[in-house]
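Coming up are structure 1 and structure 2: the same protein chain in two forms, each one given alone as structure tokens.
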Structure 1
Amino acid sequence: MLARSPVALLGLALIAAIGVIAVLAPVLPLPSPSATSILDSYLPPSAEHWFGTDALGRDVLSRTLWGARSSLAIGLGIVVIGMVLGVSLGLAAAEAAGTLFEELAMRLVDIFAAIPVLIWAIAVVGIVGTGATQIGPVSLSNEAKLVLLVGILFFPGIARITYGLALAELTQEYVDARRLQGTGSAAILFGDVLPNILSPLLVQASVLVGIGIIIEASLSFVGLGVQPPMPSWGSMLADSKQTVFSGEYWLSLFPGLAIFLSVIGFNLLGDGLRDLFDPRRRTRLPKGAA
């Protein structure tokens, strides 16, 4: 089916390429991303260092490839958390239409939707600190906290979309037919409704991964995201700020390009999927001609 959308294919290819790099980064014949060598600082791109080196003489190519690991993992993690929470709550609220539960659930969504994600992520991480946080028996690294936090802040959007779609789907005749057969709510929601509304949700999820990656990069840029020594695109860009006037362009170009390519990959995939799924995008015939 994907073959019918070159846009989706292009997006998928980009994501796949970056995914492969992320997985293979440790086994590629590259210098360690954290190996410093003061003598080699600020080397421009060359055959030896394709992307040049930074202030501490670390290999920018190696750091960029390693950066894909945290970016992809955090971007995907955020969306998985957001989807699980949002889809369950949205489905439950739609099924409970007209009840107090629906009302409470959707008011909860309203409250969380009123939270500007980036500011809150900065503030919350700032307050609880970037070190590992102990919650009961679990110790959460800053990266895990980030995933949980942004995932929770993403859920209202997903819940609203799911709720709207499910509400419409639940009025379809085939759902009534299922109820008349004595099928339970959960079976109808997950067996009939969810598969039918999954397409627009996947589109949304794909776009959200891209936003998640940008948020991670932004937080790492201000020092509240991925923590050193783990390389990340955001913190590489933060380091590059010192060289704006001196002109070591490779320090900002490559990590930024990496973010751009991964985000555009997910955006293209989302766009392509939307075109594939949206019936209005198929060949349009005037009314009466079909």
Structure 2
Amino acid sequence: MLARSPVALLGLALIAAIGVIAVLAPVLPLPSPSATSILDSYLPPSAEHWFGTDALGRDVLSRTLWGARSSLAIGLGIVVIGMVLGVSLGLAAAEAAGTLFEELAMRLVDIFAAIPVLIWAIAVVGIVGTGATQIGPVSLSNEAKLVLLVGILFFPGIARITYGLALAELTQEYVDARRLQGTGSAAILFGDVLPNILSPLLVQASVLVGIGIIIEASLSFVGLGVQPPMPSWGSMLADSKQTVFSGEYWLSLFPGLAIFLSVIGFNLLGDGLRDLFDPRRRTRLPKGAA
């Protein structure tokens, strides 16, 4: 199916390339991303250090590749949490249309949606703080806590989309037929309605992964995301802000380019999937591709 959309293929190729790099980072013949050498600080890109070195002499290429692991894992984890919570709430609210539960659920969604996710993320993570958190017998690492907190903040938008799609789907005649057959609400919602509205949700999820990467980079940039010594594209950009006007262009160029390519890859994939799944847009595909 993706072969019919060059845009989706391009996005998928970018995501696959970055994903392979992230997976292979530990086995590639590169210096440790945390290995320092003050004598090698601020070396420009060369045959020995392809992306140069930073203020502590750390290899920027190694840190960029290892940063892909953090950014992709957190971006994907955020969307998984948001999708599970948002889809569940959206389906439940649609099924309970006209009840107090629907009213309360949608008002809760409106409250969260009134403030941008990044603002919520900075406020919530700032209040909770960085570092590992102990919740009863469970210890959450800083990265796991970040995924959980920001993932919860993603659910309102997904819930609103799911609610609208499911509400329209529940008016279809096949749903009435299923109810007459004695099928329970949960079976109808997850066995019939959800598969029929999954396509636009996947498109939204693809775009949200790119947004999740930006949010993770933003939090790391202000010191609330991935903590040293683990590399992150956002923290690398934060480290480079003191050298913006002193000529060490490589310190901001490569992590910034990595963020750009990752986000554009997921956005292109989302646009391509939207063209494939939306019948009204299929005419825009190349002639003969359908």
Partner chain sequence: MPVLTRLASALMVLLVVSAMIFALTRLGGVSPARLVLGADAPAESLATFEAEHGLDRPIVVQYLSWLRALPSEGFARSYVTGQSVNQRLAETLPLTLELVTLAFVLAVIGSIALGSASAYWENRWPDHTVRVLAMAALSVPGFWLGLLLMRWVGVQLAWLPPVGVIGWERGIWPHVSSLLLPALAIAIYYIGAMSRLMRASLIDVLGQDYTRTGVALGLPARTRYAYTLRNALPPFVSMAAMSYGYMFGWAVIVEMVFNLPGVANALLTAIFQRDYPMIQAIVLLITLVFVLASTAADLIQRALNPRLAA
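Basically, rigid core = biggest C-alpha set you can superpose within 1.5 Å across the two forms. One-based numbering along structure 1's sequence throughout. A quick note: this is a predicted structure, and the numbers were derived from the prediction, not measured.
As for origin, structure 1 is the form predicted together with the partner chain and structure 2 is not. After superposition on the rigid core, displacement of the C-alpha of Pro195 between structure 1 and structure 2 stays below 2 Å. Overlaying the rigid core between structure 1 and structure 2 leaves the Cα of Ile115 displaced by 3.5 angstrom.
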